[in-house]
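Take a look at this single chain in structure tokens; it is the form predicted alone.
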């Protein structure tokens, strides 16, 4: 089945919030933000802004009837600043007027009286000042403290990984419409409709059932619209609640970039110990996470870093500690991978450092330490259906790894100012929300009298084609044409208490719920059909919209069967609830079985570096990926390719920069670089790893949202190898992204 949105996207007919017809009398809003990263707010003068023609009202925290708080995990994030300013871009007030243009003009007329305080912008400084979002967490296995004496080799180092801008095509936005009896309907560009419903109720001081949140689709999310879509929706809801008029706000690209949080930068201090045979005996990591000024999702992200601290390797003695450091930057947030890439990058840096110091190949250390069936992760879960050796074997069989390396060595020997680099990088990614309570979903399925089907779920379509997969599930169960099925918008009134579309779990959770509802309806229809043919239900089947009995056609069509069921007053609607079984995690012991399954894979990356200029090209990427039994190969391949490119961007050119005063310097597409056509690998080959083992995913498929992002990490280490081929004195400082400037400095670094 093709992606059901492709045609409407390409023809410009897909409806996003800013495409919706505006109700007459709609007002517009713009946010007044803090101009400093840290300080006391003494007073704020709106007088000039208020006199501008077309301005109706300016809202501050004093206008909030409920609680001035939108923090999800920790209540530490006010909707509007009160007495203290914590980051540049922190919302202070909301200007509402008759046009967006007039609101933007009014914003320039607002003046502040402030006492400026010292801003903390790095995790290291925050750590030294004991500024934390939440207490540190540690995962332990074995006895790392005493294992060092048994190690033949011990190495220590530091890995730095930078932030990353989500840069979704559709910026943050929301449209709130007052309804009768004090109710509100909010159209929002969000991955978490229930989060908006809950926090709006909190701020307005009204029950959640007075608020309806509707999401048709997003123009991209990548985690940046999981929690950070909430404030803008709550603000327009507040204005609509007071003014009894529809209020709309769509952030400009510049406002979106400087007001919202990014991927968390990490500083990781690591220590790795190996035996004489290069078995990793001990690993210790201390992660300093730059959380920004409020918790947002940082505590959950620290947890996933710990879950992936050893990536694809079995290490008997592990101690990994993460500190969520509070700084004066916008609260950093979810981003594809959710903390796992930072953990996986650090352990790979440790292995590459050991390889350099021992003068052995990286691949030798990697292969001997790969996870095996039954090995235990540091969090207590046993590895099952492990496909790492299979991945390596298939890659070698397909591409001859030794020959690839030999060809690169020959090229480097023949070229003095151009060098190639090569890396192998295995991935192991756990799939589920690590907060067990979030692993549930619901679906509401209607079969209409004419045989058409309507489906509502908690899944938010944001370009990952989840709606197509939901349609596939229903079409498969009912054996009807996809054109008979309609996937409704995600709506908190039709399907309540939803988890966000995140954690690579959306298709699994919601697909299972759809499957359950459709199977329940099919069972009812079979009972009706059994009476029509005077036979057993077990001998009945529906194929291609026709009823079969004992594998023979009966002449009864799907449409006729549905009509008969309706006339017999049989319910043609079903609501189902799915909760992932088996998973659990005890945070007090930091042990459990948090993941429904793991996704495995391997990437081979080759780069070509210009040693005169410091520029580089990604020559080719070869991937073996564990799709499980893919539901839709074209969609899944597209997800792997897109995730790979985003991962390469994070590791190479996407550099977030703040000055010492906490002002974002990379605040536009002229100063923040994302991969374009010329940055893409010249060749990408992806081969599926045959793996149809039973798992808790939908139809034996596996998640493809986040796991393949980590393949981009391979590009970083391939570039490192190219630098080392040119400059044997290169110290291999692990500081990502590896921009051309850093490459140039590494090429000519001297000991």
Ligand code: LUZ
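Numbering follows the first chain given and starts at 1. None of these values were measured; they are calculated from a predicted model.
Below, we refer to the form predicted in complex with the ligand, which is not included among the displayed structures.
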Partner proximity in the model of the complex: residue 503 to the ligand, non-hydrogen atom cutoff 4.5 Å: yes
Exercise: residue 433 in contact with the ligand in the model of the complex, heavy atom 4.5 Å: yes
Exercise: residue 319 in contact with the ligand in the model of the complex, heavy atom 4.5 Å: no
Heavy atom of residue 87 within 4.5 Å of the ligand in the model of the complex: no
Single option in 283, 627, 650, 338 placed near the ligand in the model of the complex, where near means a heavy atom within 4.5 Å: 338
Of 241, 304, 248, 420, the one that lies within 4.5 Å of the ligand in the model of the complex (heavy atoms): 304
Stretch in contact in the model of the complex with the ligand, which is absent here, among 104-112, 425-433, 404-412, 381-389 (heavy atoms within 4.5 Å): 425-433
Partner contacts in the model of the complex for 352-381 (non-hydrogen atom within 4.5 angstroms of the ligand): none
